[in-house]
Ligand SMILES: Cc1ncc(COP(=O)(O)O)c(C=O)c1O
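Encoded as structure tokens, the following chain is the form predicted alone, with no partner shown.
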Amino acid sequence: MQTFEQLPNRKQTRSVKWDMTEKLFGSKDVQPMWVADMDLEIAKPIKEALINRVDHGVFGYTFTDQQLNLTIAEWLYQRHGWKINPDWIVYSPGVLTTIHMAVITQTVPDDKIVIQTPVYPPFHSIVKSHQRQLIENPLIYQDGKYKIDFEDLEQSFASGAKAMILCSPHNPVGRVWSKDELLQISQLAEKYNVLIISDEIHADLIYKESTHIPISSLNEQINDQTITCFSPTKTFNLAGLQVSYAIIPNESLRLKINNAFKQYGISEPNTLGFTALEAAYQHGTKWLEQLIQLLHQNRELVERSFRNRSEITPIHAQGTYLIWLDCTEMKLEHEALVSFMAKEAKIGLNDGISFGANGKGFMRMNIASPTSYVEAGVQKIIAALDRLAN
């Protein structure tokens, strides 16, 4: 049984999270709780599969096959009740790579693309880097919860938007969109012929009170105009292995994406990445169930710790291992808030404004670590708040 009690030593491993701490936060003694990877050892079956593959000693060209496709199809059916055709699968080095390719192949410069802010920062930069128009559909924050502004979304679609990059589950606010919400999005997309590029990389990281529904699974029409991006990397802490896949039922869309991967020379699979993917989906369920228990425990710890503090309110996450902290009651300008966390609390968090202008006054915390590590980080923030009050 995985206990997740030991904090791995990740220093001097070229870890972005750990070895860039001083550069990013100005001090070596800042506790990193920012970038979205886990401070947890991977599942033993995945580790063993990788060791066995390395022991083979030869790393020539490899290819994906029907067996790997069937493994993915079975995972999606067992976890999310979505029965796909294995031929719909397109492999990619990463979800962001697929989104880039979708934008390049399915839109043209000056086309409008909708995102729902505050949202994962690369969504902003991908749209802008390809000279598309960025249209924001800001989420409504009310009574400590986030919901979709459907009136504004329809106006955005009606203005001529060609695509929407959907974050489902949502990073950073932790929403797992309900079936009704997804149906409303799909109905608007169908009405205005908007392509849905759905980033569902956190689909497997769902707390027990919620259920993830792939938007493409709702009906045949939205299935035909959706590119759904998945990866085992967030679920099983494999981000450095560069492996993901997309489900693209529409043959024309799929052909364009595949051709783009070939054109840019990134169609060859990563041998170890696919070894890990297969082992994770075939043998990782028990580890994942234990991980969800840990994340639930850590989420409850964070919420309980700030329950009697008026300065910071954690937004209740339904999915992901990311906690969105509402720090607006601290009454600090955003630069001062960022400085407070890094210099006073000695905690490295993601800057809320990087997720969009409506992230001002918020910070994002990663809780995918041993509970003792999360508790230490939370207590540092509380102690710094006490010093600020005095």
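The model shown is predicted, which means the values in this text are computed figures rather than measured ones. Numbers follow the displayed sequence, beginning with 1.
The following text describes the form predicted together with this ligand, which does not appear among the structures shown.
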| property | result |
| --- | --- |
| Proximity to this ligand in the model of the complex (heavy atom, within 4.5 Å), stretch among 69 to 77, 201 to 209, 297 to 305, 277 to 285 | 201 to 209 |
| 4.5 angstroms heavy atom contact with this ligand in the model of the complex for Val103 | no |
| Contact label in the model of the complex: Cys167 to this ligand, heavy atom within 4.5 Å | yes |
| Residue contact check: Asn171 to this ligand in the model of the complex, 4.5 Å heavy atom | yes |
| Partner proximity in the model of the complex: Val95 to this ligand, non-hydrogen atom cutoff 4.5 Å | yes |
| Contact residue in the model of the complex, from Met330, Leu50, Val338, Ala36 (heavy atom within 4.5 Å of this ligand) | Ala36 |
| One residue of Phe157, Tyr120, Tyr91, Phe236 in contact with this ligand, assessed in the model of the complex (non-hydrogen atom, 4.5 angstroms) | Tyr120 |
